[in-house]
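First, one chain by itself in structure tokens, the form predicted alone.
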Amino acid sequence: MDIKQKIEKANKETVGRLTSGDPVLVDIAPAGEVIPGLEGMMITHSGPPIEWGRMCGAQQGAIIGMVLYEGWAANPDEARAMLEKDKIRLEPNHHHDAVGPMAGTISPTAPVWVVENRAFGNRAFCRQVEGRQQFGEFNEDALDGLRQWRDVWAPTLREALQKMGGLELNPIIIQALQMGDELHNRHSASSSIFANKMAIAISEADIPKERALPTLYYLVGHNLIFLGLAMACGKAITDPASGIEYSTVVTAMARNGTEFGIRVSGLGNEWYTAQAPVVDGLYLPGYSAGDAGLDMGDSAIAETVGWGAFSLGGAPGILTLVGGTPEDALEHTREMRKITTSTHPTYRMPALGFAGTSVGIDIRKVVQTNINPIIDTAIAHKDPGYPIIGAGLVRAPIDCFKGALIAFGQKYNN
């Protein structure tokens, strides 16, 4: 076979793995107990590798928050001093089979969703989603949410999940896409379905009322609770598609607020990076574009598997958060077909005639068409100490794909 035939065969195998993923929620456990290599005084973060001094303000603020949450420092100044002296290890989530929203910070005692891809036997992990510490806020009110998750909500959900014997997630994903979710920033349907299933399990598990009621209130009031699960699903689905020789399919897109990075199946675990882009978005009252940091988070794993902005045409309700018109959303979804390899056989969008979601971003097509993958995302402040300030749409920088394509040519054209 010539190189083109080898690429097509490899991409078919890669997409076959992406579309046969079978994610199941199997546990909710402290990160230090389940995430490979996360141990001691260590915090993992979103995006490609980056040292403390180059981190954006929001990511630094979130890491300070985790240091305080773990009790490794008594105050923010002490935490910052420890980080400046490299007393705490900082590594990307993606290097540990994990993902995290926005700053993406995970530390040893923080409970994480544990999702197993039963088609391949691998597991992936994601922290809980909230609108404060993960955006860089580190005051006591913000940290109390992490403590509640650790001490009440996560243990209660874990006990209920064990009573259930695990929870298959593909049925929720399929139904939610048909109910108007895009599984990145809109999880109204998926979170509701998940809450219904867990509420029954909590009742059947005979959990004490003082833990059960607060957890039920948490479930029914959290419209984005399924985002952490979807992200863990995305990571569990993409990891078996990595490392396929000659494949030009993207297996990760992630941002740390300084750099945007991608990984490509045929290029293994190498990152190809460019400067993180500016988000075009809508802002919460009191904030404006002048307050915004650059794009951040591992949540673009959603677009990597064909959700998020790739499915925007089927989720017009998200436009009140990210901006744009229904016509724009449909055009974005159709445009993404031009840079992907296939469509998913079971993840379907009624608004587009029940067409499958686009899957398998091909670096060749991105460079040839000059169509950058689109992502819907939240916006963090440029400085540490703030909660979420807005949401919008962003395009992945073309230089990531050009760099990966050059590297691909150097590796396989010899």
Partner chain sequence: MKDKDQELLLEKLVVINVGVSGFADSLEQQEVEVIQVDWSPPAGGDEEMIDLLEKLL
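Residue numbers count along the first chain shown, from 1. Because the structure is a prediction, the values reported are computed rather than measured.
One more form of this protein exists, namely the form predicted together with the partner chain; it is left out here, but the text below deals with it.
None of 391, 405, 15, 396 but one reaches within 4.5 angstroms of the partner chain in the predicted complex through a heavy atom, and that residue is 405. Only one of 367, 42, 29, 352 lies close to the partner chain in the predicted complex, with a heavy atom inside 4.5 Å, and it is 367. The stretch from 367-375, 34-42, 380-388, 58-66 that comes within 4.5 Å of the partner chain in the predicted complex, counting heavy atoms only, is 367-375. Contact check for residue 1: every heavy atom lies farther than 4.5 Å from the partner chain in the predicted complex. Applying a 4.5 Å heavy atom cutoff to the partner chain in the predicted complex picks out 7 as the lone residue from 7-46.
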